[in-house]
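Here you get one chain, nothing else, as structure tokens; it is the form predicted alone.
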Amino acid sequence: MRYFIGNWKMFGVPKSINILNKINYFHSKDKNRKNYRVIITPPYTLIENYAKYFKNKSISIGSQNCYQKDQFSSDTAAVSPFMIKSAGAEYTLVGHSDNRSEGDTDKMLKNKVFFALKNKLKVVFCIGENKKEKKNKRTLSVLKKQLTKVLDKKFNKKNIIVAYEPIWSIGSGKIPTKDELKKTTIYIKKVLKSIFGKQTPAVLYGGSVDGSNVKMFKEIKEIDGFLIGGASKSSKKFIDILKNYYR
């Protein structure tokens, strides 16, 4: 199973549902539809509305983050995994570099993953190195630390997906070379094996994915799908990625 996950970031109002309608229509007619899953993570404000609308359709709805406590608390503007699940989301991103840069620590991330899984959400756990770490050849050690400090063998690996997003690539148009990416993905799966044993969670790639470079990614069999930023805000660009991947 391949995953195509759209992260809308700070984008979208109720009528942006038209973008998803077009993607859903394409998916429902696509002869390859059984081979992949489409998940979109809109802002919190749209989750309930979209989740209800797409309940029996082919798009799943997720959230872009969740708070590190369960149920309810006195933390202003915080949204718990329990609340996200109650609004109809099936997935949540955890550990996106935007949130890490705003102060998410490994301890907070571990709690987020724990409570998200407890509330029957599937977790898309984001990891990635920055420009300086890449330059100093620390990519693999950074990724290993991010994985081992947060993921625990007690977690249900069936409900975890890992998304590798090099921070230097996000929104920059720069992407790793095919060899780099293959090597990194194999390494991530090796670390996941050391945590979970044989069957490892799916590993996705994110960072400047578009309709023209997805063909190159397709050649790397180790990649189980994509976390798509900018291109997911346009139905045409998102559908181009799907079309070109399965061309």
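It should be emphasised that the depicted structure is a prediction, and the values quoted were computed from it without experimental measurement. The first residue of the shown sequence is 1; numbering continues from there.
The same protein also has a form predicted in complex with ligand PEP, omitted here; what follows describes it.
TODO: Decide if the three candidate residues 95, 99 and 104 all line ligand PEP in the predicted bound form, where lining means a heavy atom within 4.5 Å.
DONE: The answer is no: none of the three residues contacts the partner (heavy atom, 4.5 Å cut-off).
Task: One residue of 139, 146, 169, 80 in contact with ligand PEP, assessed in the predicted bound form (non-hydrogen atom, 4.5 angstroms) - done: Only one listed residue qualifies here, and that residue is 169.
TODO: Tell me the stretch among 181-189, 200-208, 66-74, 44-52 that has any heavy atom within 4.5 angstroms of ligand PEP in the predicted bound form.
DONE: Flagged stretch: 200-208.
Open item on the list: Whether residue 165 contacts ligand PEP in the predicted bound form should be assessed with a 4.5 Å heavy atom distance threshold; does it?
Closed with: Result yes; residue 165 sits at the interface with ligand PEP in the predicted bound form.
Open item on the list: Under a 4.5 Å heavy atom criterion, is residue 12 part of the interface with ligand PEP in the predicted bound form?
Closed with: Answer no; every heavy atom of residue 12 is more than 4.5 Å from ligand PEP in the predicted bound form.
- [ ] Could you confirm whether residue 20 comes within 4.5 Å of ligand PEP in the predicted bound form, counting heavy atoms only?
- [x] Taking the distances in the predicted bound form, the answer for residue 20 is no, it never comes within 4.5 Å of ligand PEP.
TODO: Sequence order please: the residues of 212-247 with a heavy atom within 4.5 Å of ligand PEP in the predicted bound form.
DONE: Result: 227, 228, 229, 230.
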